[in-house]
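One chain comes next, on its own, written as structure tokens: the form predicted on its own.
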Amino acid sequence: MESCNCIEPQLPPDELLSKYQYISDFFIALAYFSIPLELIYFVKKSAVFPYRWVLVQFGAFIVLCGATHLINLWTFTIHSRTVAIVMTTAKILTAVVSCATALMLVHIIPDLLSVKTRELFLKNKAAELDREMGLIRTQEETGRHVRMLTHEIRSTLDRHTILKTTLVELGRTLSLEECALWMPTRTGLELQLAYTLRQQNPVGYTVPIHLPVINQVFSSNRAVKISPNSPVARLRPLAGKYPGEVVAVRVPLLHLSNFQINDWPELSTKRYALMVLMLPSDSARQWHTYELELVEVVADQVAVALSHAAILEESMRARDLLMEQNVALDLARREAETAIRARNDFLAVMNHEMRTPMHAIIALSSLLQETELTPEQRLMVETILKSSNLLATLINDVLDLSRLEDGSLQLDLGSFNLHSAFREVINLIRPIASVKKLVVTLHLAPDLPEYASGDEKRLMQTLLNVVGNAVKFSKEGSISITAFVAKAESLRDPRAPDFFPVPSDNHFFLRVQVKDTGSGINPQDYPKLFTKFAQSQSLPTKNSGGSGLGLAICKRFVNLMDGHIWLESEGLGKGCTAIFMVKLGVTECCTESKLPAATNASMNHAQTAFPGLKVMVMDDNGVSRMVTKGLLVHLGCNVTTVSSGDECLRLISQDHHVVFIDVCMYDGYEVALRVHEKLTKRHERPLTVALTANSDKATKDHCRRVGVNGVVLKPVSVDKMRSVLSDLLEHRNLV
């Protein structure tokens, strides 16, 4: 075309070829002009294409190509130079734009290739994501089945229901043909078919536990495919069918060594049950991974549920056993309370009934002692009095020990003269010691308070018992009594690890040491020194008159007073030292008023007879009434006796000075109260004295409530009656 002379007319072309070229150039130009329109539409709609300027350049190239072909239409005929110039210009521009576009494509093709690579990578990632989403959906489906199965399994804590529900739900969820559970026997040597889904095999069938297939399953924590012909998989008759795939999984069993459940195997090491699952026969279905995972999770859930069931069964059994024990303990407690009440009632009755004749013996013997007697008669009377006093002491010890053991004995706390209490004990012991020519000395430390707060009666009883033992087991020599305030460094004693005394400004610990030169103690006798009714075989106690209760009661009294008691001896024939510490309160002086009793009354009154003293005695026991009257008559009193409360209230008047009332009578306290109501004026009212066989705190409190002025514990001797009357008349205003 460049060799063509466009000015000079050319040879006429072939008509047909020219016609085809003309039509082709027209359609090429049309196609070239349509492509930019499509590119413009693409650029407008694409907001993310990064090469818009390249598309513009490519569009210009296409437009120029189209323009070239379009201009070429005029070259098929005779044309002017202008057409040739336009044609040449178009071709030059087309060449420039095409070269620029080619050079640009060299730069952008690698980018386009990387985009293509990324696109392929994203496609692969999308495919992988689709697979993962499929797995997630599968896991969600598995999780849903697990939650459903777990809910069904844990909806009960009965192990039989748990295992049966597990088989049913697994069979329904996985469309199983058969599912079975093999449990270990008690011996642990066999597996026993315990549960099946279709119940076509006899439950109780056993296989050895050491089979290779069982060991294979037990050694793995995953579900294991096993042969359908293995002993544990032959659950159904095949009848010519092709067996489905079978898997087995172990089910951990709880260590039952701490639970001892009645009908569960005794498992001291880790054991497993075996769960076997079979797909339908004559089926091409195979086990999928998610199904195996579902089976493994369910096996673990069954193990957890079984452990909970085991704990619940054991707790219920323990609860039932505890309830039985509580019922038995409650019955035993009621029986013990009934026995204690019966014993207390018996002791109360026996106390009253024994003290009544003792009252007669001691009172009449003391009256007889004050008459003219021959030496032989006086010895007999003194022997009677001594034996009677020993018997009365034994009665007191038995009652005190009974109250100490059942916890009903309470301390009667109050302020008292501590120095006077020691001196009174010495005055009581010294006559007995003088008979054996024993020297009794008392040493009270200068820092020992004169007054203290505590139970004076129990302290004196303890001191009398300890000093009395020293006198009893000493034939000659001396007995020394030392009392002082225990220092802080000497409070702890290694022999009493449970004794933790704590000093305080409000109290102090009194330490008393009683040392004798008696027979001493054998070291082997130490353990039973404070045991009731126990006596040392090495000591000459057969003629001592002891009952084996003194030290036992002392120990309990000392414990009540937050103290400690022990004995020290270097051996037989080397004497003994009894030491005890008790806790006493600090007080300035003795301020508490007490009912006068025989143990607190002064023994040295100037008045020995009471001529003209008008006294009434109310007692329903004729012997006791006669004996009390005899004592009072001997002391010069004018005595009126009555046997009932009505008679007492009818005869009582303001002329009577003292009324003795046996409060053990059914209406004793009521009579004492009505005497006060009848004679309202204090100076006209007689003093009321309670005659009782029980001097515990409850009796004294009851006496105070009804206005009784004094308490006398039977039996009563002449000296005791004289002391009580003197004390009452001296302290007329005592309440």
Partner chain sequence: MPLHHYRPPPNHGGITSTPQQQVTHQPPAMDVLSQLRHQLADYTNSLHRDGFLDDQFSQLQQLQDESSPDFAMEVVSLFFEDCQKLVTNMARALELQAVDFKQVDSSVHQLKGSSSSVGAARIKNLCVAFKTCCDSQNRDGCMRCLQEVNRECVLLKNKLQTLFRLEQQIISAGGSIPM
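Positions refer to the first chain, counted from 1. Since this is a predicted model, take the numbers as computed values, not measurements.
Although it is not shown, the form predicted together with the partner chain is what the next lines describe.
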> With a 4.5 Å heavy atom cut-off, would you call residue 620 a contact of the partner chain in the model of the complex?
Replying inline: yes
> If you check in the model of the complex, is residue 624 within 4.5 Å of the partner chain, heavy atoms only?
Replying inline: yes
>> Test of understanding: in the model of the complex, would residue 718 fall inside 4.5 Å of the partner chain by heavy atoms?
In response: yes
> Heavy atom to heavy atom, is residue 664 within 4.5 Å of the partner chain in the model of the complex?
Replying inline: yes
> Heavy atom within 4.5 Å of the partner chain in the model of the complex: which of 631, 615, 578, 246?
Replying inline: 631
>> Which is the contacting stretch out of 416-424, 78-86, 370-378, 631-639, given heavy atoms within 4.5 Å of the partner chain in the model of the complex?
In response: 631-639
